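The chain below stands alone, shown as structure tokens; this is the form predicted on its own.
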Amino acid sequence: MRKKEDLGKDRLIWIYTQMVRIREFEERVKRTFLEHPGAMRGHTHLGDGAEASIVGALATRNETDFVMPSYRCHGYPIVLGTPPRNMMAELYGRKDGLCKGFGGSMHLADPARYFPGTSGIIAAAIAHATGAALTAQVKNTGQVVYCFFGDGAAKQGGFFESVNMAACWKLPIVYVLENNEYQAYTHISLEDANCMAGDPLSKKAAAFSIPGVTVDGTDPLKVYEVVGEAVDRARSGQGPSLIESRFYRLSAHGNAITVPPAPTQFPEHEAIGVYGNKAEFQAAKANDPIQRFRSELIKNGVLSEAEASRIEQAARSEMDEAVQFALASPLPSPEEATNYVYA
């Protein structure tokens, strides 16, 4: 069984560093709509607030394990080692992007790092990940698939069909249900509006006779332990688990839908105007997973204030460079529009 006490200093610092890098990437995407209007088209679904859940889960991963999230997908490839400059260029629709500018924010892919791609269709990635797990089982590769999806996806048919298949065939997959409290613009407490039954959502696992656990997704070490146990179970041939990781989304559903009227308000929460619950947001910010983990590491002597500041400054510089790289990258030519059309 994985225990947080087994994590050494270097690994704890790695976890903090990846959390900071994810946050800085998302903040730079938000700032784009103020600093470079029109440069980024369409929705960008941000994951700030999810950093502890993402990194804590992936800290358990072997290098060849597949990672397959849905469309709120920026944080995962950052942890896997995908260059942020190429990710940012993809969001800007540029030729130097991961998908040559044709995928955009919701369709990132880096197969060389076992990140096959994402889907903009709610719950579709669950079926894709389950298929990848079946392939790993048939080929006996020893790989585990990490499948990430939102609370809204857990009420889709694709969720039930996929988890049923994985449970019946004992596929090597871990389902991480990221409950960020909002389905698009509606709070999960409004059950009539959301048609979301079950509390906690991890109890859905009982229908498939697999383990179901709810974990504090703002604590990367708790996530590490819970996901680690599920991964070890999957890799040993015992089948899937369902983990509900609970945290609060610190940005609007789609960043393009609303922009603060003045740069002085950045990085205020765009979603306040949409969700209308400023007190709720402020409470979540007070429980910011990055600041909590930073304080814990400093208190325990893992990091000093100066070391933490250097990590944060390095992340800011890295993401500044990513934006400049993206802006300098050319747009695809009109003649390329049909290059990747197969039907």
Partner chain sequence: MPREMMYGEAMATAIMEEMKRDPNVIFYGQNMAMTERDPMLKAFGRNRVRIAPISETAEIGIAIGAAMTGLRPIVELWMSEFMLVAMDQVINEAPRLRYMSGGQVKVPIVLKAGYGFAAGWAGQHSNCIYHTMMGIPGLKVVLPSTPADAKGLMAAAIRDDNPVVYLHPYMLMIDSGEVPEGEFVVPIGIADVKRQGTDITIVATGWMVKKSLAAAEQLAAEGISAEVVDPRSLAPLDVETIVNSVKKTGRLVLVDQAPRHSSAAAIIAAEVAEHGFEHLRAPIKMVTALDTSIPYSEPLENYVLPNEEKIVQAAKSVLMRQVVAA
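As the structure is a computational prediction, the values presented were derived from the model and not from experiment. Numbering follows the first chain given and starts at 1.
Not on display, but discussed next: the form predicted together with its partner chain.
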| property | result |
| --- | --- |
| Close approach of residue 151 to its partner chain in the predicted bound form, 4.5 Å, heavy atom | no |
| Touches its partner chain in the predicted bound form: residue 238 (any heavy atom, 4.5 Å) | no |
| Heavy atom of residue 128 within 4.5 Å of its partner chain in the predicted bound form | yes |
| Any non-hydrogen atom of residue 111 within 4.5 angstroms of its partner chain in the predicted bound form | yes |
| Contact check for 135, 138 and 340 against its partner chain in the predicted bound form, heavy atom at 4.5 Å | yes |
| Which of 216-224, 69-77, 240-248, 112-120 sits within 4.5 Å of its partner chain in the predicted bound form, heavy atom basis | 112-120 |
| 83, 103, 198, 228 - the one with a heavy atom within 4.5 Å of its partner chain in the predicted bound form | 103 |
